[in-house]
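First, one chain by itself: the form predicted alone, in structure tokens.
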Amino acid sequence: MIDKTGPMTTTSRGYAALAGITAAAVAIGAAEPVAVLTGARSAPLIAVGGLVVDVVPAPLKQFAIAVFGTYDKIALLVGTAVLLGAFAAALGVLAARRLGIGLAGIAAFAALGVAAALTRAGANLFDALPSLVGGALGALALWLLLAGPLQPQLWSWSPAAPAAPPVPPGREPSPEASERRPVEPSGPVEPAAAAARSAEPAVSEARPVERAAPEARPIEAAVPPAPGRDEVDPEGRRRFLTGVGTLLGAAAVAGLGGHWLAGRRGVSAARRAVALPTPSAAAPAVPAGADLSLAQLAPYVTPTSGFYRIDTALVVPQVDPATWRLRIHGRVRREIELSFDDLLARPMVERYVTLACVSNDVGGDLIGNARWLGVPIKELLDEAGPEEGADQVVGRSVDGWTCGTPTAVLRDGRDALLAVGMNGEPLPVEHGFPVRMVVPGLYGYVSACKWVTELELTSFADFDAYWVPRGWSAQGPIKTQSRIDAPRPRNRLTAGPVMVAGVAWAQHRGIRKVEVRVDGGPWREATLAPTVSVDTWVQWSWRWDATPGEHTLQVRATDADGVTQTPQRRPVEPDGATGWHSVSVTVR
């Protein structure tokens, strides 16, 4: 008789938790093939993760970027999966007592996935399907493992006590005999045993206590142990584990298969087929000596594979250039819509531009310099004709992300581009293929819209872009900054000449001077390498005659406007970090 009010053993809890985790894996894995049809963003794990990105407080986001850097999205997905696994394990233990609790928990998670998917930009009712299908199959898996044909025996049970055999007439024990012999074996007694027993001498009142245990053993052995009291029944265990293995294997095949199919539906082939036009205005040649080629020093031109990536997209949008459209609308005199071919047919310019993320802390590496090919945004805006008071251009990504750029900045003659190429190739998919914005002198959160599909003319008074309600400034001009790349923190150096080197930047203003000092001593001017333009960073170097001991190096830059970067250390919120970068080293 199963008693679900009894205690579960540690082994039983482990099996119940495994059932919950398996059900969650089935739900997630089954949703992936469905998401191939509805879009990767509708998969429950991605949809919920995207919702987390949108609602998590800005300080926590910055903490994730500071700790994980460009791997912040992987960390978020792994963390979400771990939390889901813990939730599923607890749900499995609860469901072993009451299955309805487990089914309700799966339904709640499916509802969360549906809500998260339907609230994403451009969502439709079909985006709810992955969570619904995954939730239904996850609930079925939980039932099979805990209540259906695959269930093991998880609970202690109490068998009915066997009835005592009838005592033959005349054999009823006297009260005195009962006191002396509190336990008698049941059933017939062999004659030889009876004779041996009758030959035994009388015992004192204390001795029956010593003999009671041996005589009681046959009775204890006659009572079967309770299956489930210490471990799961072996047959049930085999059935359960076989079911778990089958379900987990099916979930893995479905999940990996869905991921593979999604990759097959990607736009890598379409990107390879793009032939970039020859620019009507090529980028100036990189002057000799612009790259000092020193160990540990960032190269003047950042390789595409090493260019930083910070955005809110948990899955990289796959935008087919054949169906891509750019709409320029809002407070304009003439609305414009362009296809990708229309954009490629326009005169293109090529420029070196250094981009920086507002989340880049002092001395950080969320910055890179590349050669971009694109159409000047100014020309498009001039054709559209912004109305009076339209002081903001809202770039909108295919996934709904927005950034607000001052209209005046996009029309002041700087090389603000709708870029289609990066370092001589079509844009990488993760960097905005087929089209993105590149604007010198502004942090990316207000200018560098990837996978851009709209430019809407509005005003700062009428619309707040994505990061503004989350505590960041509406406008983000890049601050003058510098960084020491060589030597690195905690390097052990040999006394004598040491080359100290790094980079400095003040896009669209340029760098006039870089200075270095040791242990708070006098500032020494570094040598600036040549550079392409004021829109890129510049490498610098300084020869230091190092002496033995512990030393601290500091650097500061002065831009072309004569403004020297402040020593006051401030965090990245709300519009970029400030302070001098310092490096501590040991000289022997």
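Computed from a prediction, not measured in an experiment: that's the story for all the values here. A residue's number is simply how far along the shown sequence it sits, counting from 1.
What comes next is about the form predicted in complex with a small molecule, which is not displayed.
Among the residues 485, 311, 127, 415, the one placing a heavy atom within 4.5 Å of the small molecule in the predicted complex is 311. Exactly one listed residue, out of 114, 355, 373, 95, brings a non-hydrogen atom to within 4.5 Å of the small molecule in the predicted complex: 355.
In the predicted complex, the small molecule sits within 4.5 Å of a heavy atom belonging to residue 449.
Contact between residue 350 and the small molecule in the predicted complex is not found at the 4.5 Å heavy atom cutoff. The small molecule is not drawn, but in the predicted complex it has no heavy atom within 4.5 Å of residue 300. By the criterion of a heavy atom within 4.5 Å, residue 378 is excluded from the residues contacting the small molecule in the predicted complex.
Remark: all three candidate residues (401, 436 and 444) come within 4.5 Å of the small molecule in the predicted complex, counting heavy atoms only. Partner contact region in the predicted complex: 301 to 309, out of 86 to 94, 301 to 309, 327 to 335, 141 to 149, criterion any non-hydrogen atom within 4.5 Å of the small molecule.
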